[in-house]
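Just one chain is shown here, as C-alpha cells, and it is the form predicted alone.
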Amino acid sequence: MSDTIIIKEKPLTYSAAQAARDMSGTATPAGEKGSRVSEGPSGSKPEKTLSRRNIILYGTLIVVALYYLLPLYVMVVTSMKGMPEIRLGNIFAPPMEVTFEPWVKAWSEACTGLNCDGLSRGFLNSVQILVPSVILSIIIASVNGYALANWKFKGGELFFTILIVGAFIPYQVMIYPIVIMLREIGLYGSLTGLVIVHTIFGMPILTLLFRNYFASMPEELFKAARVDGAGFWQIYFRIMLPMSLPIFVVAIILQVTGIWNDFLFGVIFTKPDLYPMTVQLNNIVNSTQGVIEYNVNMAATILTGLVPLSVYFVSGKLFVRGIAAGAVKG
C-alpha cells in the first residue's frame, strides 16, 4: 500500500508564536485555529493623519512658506498697480485694474543717471558675463575634482588644501590686489576681466563638490577602465561625465545664482556701460530723480530675479540629489 502525503493549507495570517511553532515542528492544538485568524497582523498601528506630530510639522512648513511667499505676493500685486492705487496704502489688496505698464517701463524706459534704457542693457551684459563664467568654472572645477579624487599625484593634497582655504577667505580682502592685476594686464573695466574673476572665485567650492562626488563613485569602475588601457581623458569623458549629471546641475545652479545675483564684483570691475543687471536694478531703485515709482521698482526686481528662479524650478530635484551626493560623501 503506497504512502499518502496529506498537505494541510495554513491560514495566510497567523501570529508570530504560531510561526515559531511551525518552524520548530510543534503541533498546534485544534482550539487555537480560530484564534490565529482573529489575532490579525502584528505591529504598530498606522499613525493618524491629524496626529500632534503631523499638525506641528505641517503647521511649521506652512508658516515658513507664507513667510517667504508673502513678500513675493506683495511685489507681484504692487507691480501690476498704477501709482494712484498704490498711494491708497493697502499693499496686500489685489490690483483693481491690472496694468503691465510698470513692467514695460522697468525693462526699457527706466532711467539710471543719463541712461533711460531700463534693465535691457544690464540684462545683455549679465548674459555675456554669466555664460562664459559658468562654462569655464565648471569645466575647470570638474577636471580638478576628478584628478584629486582618482589620480594620486605629488602635491595633490597641498593643492586641495589651498583651494579649500581659498573658499573661506572673504572676497573683500582680495579685491584691491585683483584690481591691480587686471589693470596691469589691461582687463580692468571689461567684461572679460569680470568673467575671469567669477571663474577664479567659483573654483574652490565647485572643486570640493566635484571631488567628493567622484570619490563616492565605485572605485572598481576606475580600476577596470585603467586595466583596459583607458587614459586620463578617456575615463573622464566616457565614464565620469555620463554618471555626473546631478553634480553638474548643482554646479550650474550655484554658479548661475551666484554670478547673476552678484553686485559687488559687477560695480567694482566694470564701468557704467557694462554694468550687469543687478547694478542697473540698484541704480533704478535708488534713483533720487522725480517721484519714486514703487510699481516700477517691484517689476524691475522681479525681472532681475527671473533667471535664477527659473533655473531652480526646472532642476530642483536634481539639485537636491547632487547636493546630497557631493556634499556629504568622499
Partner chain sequence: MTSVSVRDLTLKFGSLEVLRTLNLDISEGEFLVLLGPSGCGKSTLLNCIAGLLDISDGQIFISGKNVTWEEPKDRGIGMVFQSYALYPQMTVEKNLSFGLQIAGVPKDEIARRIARASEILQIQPLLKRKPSQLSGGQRQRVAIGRALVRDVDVFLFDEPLSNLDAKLRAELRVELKRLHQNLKNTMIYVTHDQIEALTLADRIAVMKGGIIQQLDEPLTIYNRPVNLFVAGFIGSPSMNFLPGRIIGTGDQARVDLGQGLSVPLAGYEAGGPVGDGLDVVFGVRPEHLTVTREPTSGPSLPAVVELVEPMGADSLVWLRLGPHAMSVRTESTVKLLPGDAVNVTFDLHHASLFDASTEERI
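Numbering follows the first chain given and starts at 1. Note that the structure is predicted; figures quoted are calculated from it, not measured.
There is another form of this protein, the form predicted together with the partner chain, and it is not shown here; the text below is about that form.
Go through Gln234, Thr192, Gln128, Ser108 and name the one with a heavy atom inside 4.5 Å of the partner chain in the predicted bound form.
Result of the distance check: Gln234.
Identify which of Val104, Val76, Ala230, Leu187 has a heavy atom within 4.5 Å of the partner chain in the predicted bound form; exactly one of them does.
Spelling it out, the residue with a heavy atom inside the cut-off is Ala230.
Does the partner chain get within 4.5 angstroms of any non-hydrogen atom of Gly155 in the predicted bound form?
Gly155 lies outside the contact set for the partner chain.
Hey, in the predicted bound form, does Glu97 get a heavy atom within 4.5 angstroms of the partner chain?
Glu97 lies outside the contact set for the partner chain.
Whether Val134 contacts the partner chain in the predicted bound form should be assessed with a 4.5 Å heavy atom distance threshold; does it?
Residue-level check for Val134: no, no contact with the partner chain.
Spell out, yes or no, whether the shortest heavy atom distance between Ile239 and the partner chain in the predicted bound form is within 4.5 Å.
Taking the distances in the predicted bound form, the answer for Ile239 is yes, it comes within 4.5 Å of the partner chain.
For the stretch 212-229, I need every residue with any heavy atom inside 4.5 Å of the partner chain in the predicted bound form, listed N to C.
Glu220, Leu221, Lys223, Ala224, Ala225, Arg226, Val227, Asp228, Gly229, in sequence order.
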